[in-house]
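So this first bit is one chain, no partners, the form predicted alone, shown in structure tokens.
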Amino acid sequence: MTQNIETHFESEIAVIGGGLVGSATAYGLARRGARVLVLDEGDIAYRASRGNFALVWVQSKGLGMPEYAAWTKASAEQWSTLAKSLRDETDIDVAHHQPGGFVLCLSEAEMEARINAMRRLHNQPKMVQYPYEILDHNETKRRLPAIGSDVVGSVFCPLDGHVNSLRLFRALHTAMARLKVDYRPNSPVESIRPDHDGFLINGPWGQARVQKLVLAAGLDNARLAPMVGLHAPVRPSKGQVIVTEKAAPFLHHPMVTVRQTDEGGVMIGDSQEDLDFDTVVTPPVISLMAQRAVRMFPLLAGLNVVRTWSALRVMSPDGFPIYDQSQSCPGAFVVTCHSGVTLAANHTLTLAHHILEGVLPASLEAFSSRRFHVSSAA
């Protein structure tokens, strides 16, 4: 005699991780009517959600994976829709602006390397095409009057922009609350196991049973993914940031390493270090970043530094995102990337839909972690 056991699920879907990637995905799921549980380790987690550079950046993305260039461009094009949705839902303006962005070069060698990189990027098969301009010093000076004489030239792309990332983070969490997302801070996950057509999630806070789950736990995805038959070989990459006092507006376009925020402060970020989980701010790196920024914009020499910090990027072996679904544990997905701001629109407006449908489309197959297991041809 077969006994029918009714399983009680606390939520339709759990998102593990409440940073930018997790909250953008959870918001997208909730706005489609899903009952969502978010388990967030909290502020002790290694994450860049409150320490990123806040760019919505297209140029230079995708060398080695043209699918990433297309995915990035699509997200940048959807960003105004995300900003409006959040403003309508929360009355929070995330200060999204898309005036186009510059990469400034301080030597002929830098300029040549940048031009060659852009040409290699756009010469890739299946590469999505978008406009960019190579500018000499005089044309760059015309568009950016505050640059210094050390700037040799620049590359400009009209698709680039930036936001206020702290407001974005607050808006996403406010929107989740208004859509009745069950957000649980200080809830680290110790284990996950398949259970009765769903998953049983355990932590020091107790346990939760859900039908589907999304791993969006940043660096902790490396530990959690194997529990549900997934692979997320991510590692930390340290970045350091300088913030100056507020100044009169002088920089109306974001740079890849310097930008003036909507509130007037100037952010400088020009470092990448592989130092495991070290997050100590180091004067030699900060000094070099400041020197390069002053060469770009001499007026920065007169501004006081009010804050410095470091944060850890979430990097895969090839630097590209990982989007995958488990074959052995259907209903489990992993979402991880180091461009949480740029890709937030895609995560909310596109990826969440596919997760609710229960299958990732063929267009995202390039982002599967299976790419790390392809054997070299003999």
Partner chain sequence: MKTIKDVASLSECYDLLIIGAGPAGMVAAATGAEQGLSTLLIDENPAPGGQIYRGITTTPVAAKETLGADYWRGTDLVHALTASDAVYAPETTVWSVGPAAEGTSDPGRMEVGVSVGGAARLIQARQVIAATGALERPFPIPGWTLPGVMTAGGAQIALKTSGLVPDGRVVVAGSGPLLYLLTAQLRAAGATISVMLDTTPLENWGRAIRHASDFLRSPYLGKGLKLLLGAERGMRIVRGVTAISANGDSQVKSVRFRHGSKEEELPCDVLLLHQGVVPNINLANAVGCALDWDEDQLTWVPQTDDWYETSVKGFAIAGDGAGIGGAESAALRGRIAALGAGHRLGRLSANDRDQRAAPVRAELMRASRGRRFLDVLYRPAKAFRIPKADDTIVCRCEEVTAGKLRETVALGVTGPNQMKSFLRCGMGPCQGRLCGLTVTELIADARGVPPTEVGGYRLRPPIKPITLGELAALPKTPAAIKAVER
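Because the structure is a prediction, the values reported are computed rather than measured. Positions refer to the first chain, counted from 1.
In what follows, reference is made to the form predicted in complex with the partner chain, a form of this protein that is not presented.
Comparing 71-79, 93-101, 213-221, 244-252 against the partner chain in the predicted bound form, the single stretch with non-hydrogen atoms within 4.5 angstroms of it is 244-252. Asn304 is the sole member of Gln129, Asn123, Asn138, Asn304 with a non-hydrogen atom within 4.5 Å of the partner chain in the predicted bound form.
Taking a 4.5 Å heavy atom cutoff to the partner chain in the predicted bound form, the contact residue among Gly42, Gly64, Pro330, Gly33 is Gly42. Site residues Gln207, Ser316 and Phe320 are none of them in contact with the partner chain in the predicted bound form, judged by any heavy atom within 4.5 Å. The partner chain in the predicted bound form comes within 4.5 Å of no heavy atom belonging to Val189.
The partner chain in the predicted bound form is not approached by Val228, whose heavy atoms all lie more than 4.5 angstroms from it.
Residue contact check for Glu263: one or more of its heavy atoms lie within 4.5 Å of the partner chain in the predicted bound form. With a 4.5 Å cutoff on heavy atoms, Leu300 counts as touching the partner chain in the predicted bound form. In the predicted bound form, the residues of 264-294 lying within 4.5 Å of the partner chain by at least one heavy atom are, in order, Ile268, Asp270, Ser271, Gln272, Glu273, Thr279, Val281, Pro283, Pro284, Val285, Ile286, Ser287, Leu288, Met289, Ala290, Gln291, Arg292, Val294.
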